[in-house]
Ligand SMILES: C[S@@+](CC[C@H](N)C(=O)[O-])C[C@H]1O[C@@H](n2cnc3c(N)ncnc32)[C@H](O)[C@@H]1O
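In the form predicted on its own, a lone chain appears below as structure tokens.
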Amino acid sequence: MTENKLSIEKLKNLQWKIMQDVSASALIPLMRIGDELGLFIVLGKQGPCTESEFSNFAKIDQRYAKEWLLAMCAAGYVSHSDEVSKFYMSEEQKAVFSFEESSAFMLGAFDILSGNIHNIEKVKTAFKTGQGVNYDDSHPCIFSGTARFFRPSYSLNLLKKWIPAIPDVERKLKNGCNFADIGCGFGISSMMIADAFQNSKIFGFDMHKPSIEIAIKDAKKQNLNNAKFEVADAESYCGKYDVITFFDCLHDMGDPLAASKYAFNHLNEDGTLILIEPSASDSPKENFNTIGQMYYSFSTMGCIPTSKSQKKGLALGAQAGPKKLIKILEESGFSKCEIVKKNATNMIITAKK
């Protein structure tokens, strides 16, 4: 390399981009500590307060409290009043960091990031061997983080925007139908549907037993008698359904074509399949943006290793694009495959039997 051939402007822009990414990455352990020690909740409830008051409220060492608060202020995640020298959180910051049930809550993303860091050695080995990483062997942060990451979007969109965009499904749910949520994880989406449409019977299936156990426990707490959860993968659940969904999970499966065919065979006549996937273009170049950076990174550490650990190991990836997904559905026997809704992070594809 000869230095005189470098574009100084391009070099500086790249270096600044790296500094921004490193700065964001440096927050990962602090966000996990803040989350696990309840620091965002404390500040959201008790602020404005001095660093001394905050450390007392949070029951942590004052010097660590000060440095954590300053880091959060530098990131724009916490606010500071120079007039009274107190730290506080704006209403927007509280919505994003302090209130778990908020539709703007975003701490779950840091769970996934932490889990990915814990999984580095396993994925690094997979890079060399071409094999996968068994989903059950993922760090626990991955499972909790996935549920917390998707909950706000589902809370904001599932019942208000996505289901209404599919009129025949909304009608069936209101009248009473059998609804299966494949790869349901902690059952977040299943329970939202069960709560909103109590005439219908909602079934959640996932191959991860600890996740299903959490779903069963949470459904009982919410008195959702119309929601049932069972351990089963995409090719072992039983029954016939009017609606079958794959929420942010088909691309994780080793053989998505077999999973789609299985769903086709377990749908009643005139049944509907709903596929929710990360928004992506069919052209990788068009995914070279902030959202694409996030999803390609998540996909490299989670989606690809999980898929490659299963039979066939097709490894679609989180940015597969609509053409590949719709082709799989059509090859499975589905018709009228179309994107009915799309936003910055998700696209909703429906198909008919």
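Residue positions are given as counts along the sequence shown, with the first one as 1. Keep in mind that this is a model prediction, so the values were computed, not measured.
One more form of this protein exists, namely the form predicted in complex with the named molecule; it is left out here, but the text below deals with it.
Asker: Name the residue from Gly183, Gly115, Gly271, Gly108 that puts a heavy atom within 4.5 Å of the named molecule in the predicted bound form.
Answerer: The residue in contact is Gly183.
Asker: Going by heavy atom distances of 4.5 angstroms or less, which of Phe87, Phe97, Phe203, Tyr135 would be at the interface with the named molecule in the predicted bound form?
Answerer: Of the listed residues, the single hit is Tyr135.
Asker: Would His208 count as a contact of the named molecule in the predicted bound form, using a 4.5 angstroms cut-off between non-hydrogen atoms?
Answerer: Contact check for His208: yes, within 4.5 Å of the named molecule in the predicted bound form.
Asker: Could you confirm whether Thr50 comes within 4.5 Å of the named molecule in the predicted bound form, counting heavy atoms only?
Answerer: The answer is no: Thr50 has no heavy atom within 4.5 Å of the named molecule.
Asker: Taking the shortest heavy atom distance, is Ala215 within 4.5 Å of the named molecule in the predicted bound form?
Answerer: So Ala215 does not count as contacting the named molecule.
Asker: Heavy atoms within 4.5 Å of the named molecule in the predicted bound form: does Gln93 have any?
Answerer: So Gln93 does not count as contacting the named molecule.
Asker: Tell me which stretch of 194 to 202, 220 to 228, 247 to 255, 69 to 77 has a heavy atom within 4.5 angstroms of the named molecule in the predicted bound form.
Answerer: Answer to the contact question: 247 to 255.
Asker: Pull the contact list for 286 to 322: residues with a heavy atom within 4.5 Å of the named molecule in the predicted bound form, in sequence order.
Answerer: Read in sequence order, the residues that approach the named molecule (within 4.5 Å, in the predicted bound form) are Thr306, Gln310.
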